[in-house]
Ligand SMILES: Cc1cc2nc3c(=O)[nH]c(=O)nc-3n(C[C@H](O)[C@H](O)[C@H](O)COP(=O)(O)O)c2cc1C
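Only one chain is included here, represented as structure tokens and corresponding to the form predicted on its own.
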């Protein structure tokens, strides 16, 4: 596929057919994704490849607490898991909130589940001393994760980046034997999409850009000669 076509049609896929994702194709996906950049080219990303049904069932259990709180907050109009605004939702409200099947079924039904980890000793977290949630270290793992989804799209497969299980990271690390120095960045179900979207809705460039200053902008489209 054309690169821009892949970029414009790589949707979040949560519904999968029963088609397998052969190891040979998964190897091709990862073999191309590994060329993603990372801080200092230290390449601290590691992937746990999960196919076992029992492990997936436990992974669903680990996913549910974070997802339950997410949807409890969403139901009352809050931004779920906000790093800025404290939640008004009580633990009792969280406990009775159902977890949608769309959250758990991809983990059960995808051909394979990839648990993406990053070596914290290999990342440069330049924002670690700021008075906010750190995000910079993600630059050394999420380009790889996105490359996996782009490569999967190119091979006729799809998936989505999920992070609900990270709220219970200690249990997830115990389940998969992940060493202490690694952080879990994402859980990515991959498989053959039931339906592949060909048109995605996204904000226009003019809505994303500020020229020279936050009060400047936006960047306007210019026709190439």
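Numbering follows the first chain given and starts at 1. Please read all numbers here as calculations on a predicted model, not as lab measurements.
Keep in mind that the form predicted in complex with this ligand is missing from the display, and what follows is about it.
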query: Contact label in the predicted complex: residue 164 to this ligand, heavy atom within 4.5 Å; finding: yes
query: Partner contact for residue 171 in the predicted complex: this ligand, 4.5 angstroms, heavy atom; finding: no
query: Contact of residue 213 with this ligand in the predicted complex (heavy atom, 4.5 Å); finding: no
query: In the predicted complex, residue 208 touching this ligand (heavy atom, 4.5 Å); finding: no
query: Three-residue site 42, 46 and 184 fully in contact with this ligand in the predicted complex at 4.5 Å by heavy atom; finding: no
query: One stretch from 34-42, 194-202, 51-59, 175-183 that, in the predicted complex, holds residues within 4.5 Å of this ligand by heavy atom; finding: 194-202
query: Sequence-ordered list of residues in 48-62 near this ligand in the predicted complex, where near means a heavy atom within 4.5 Å; finding: none
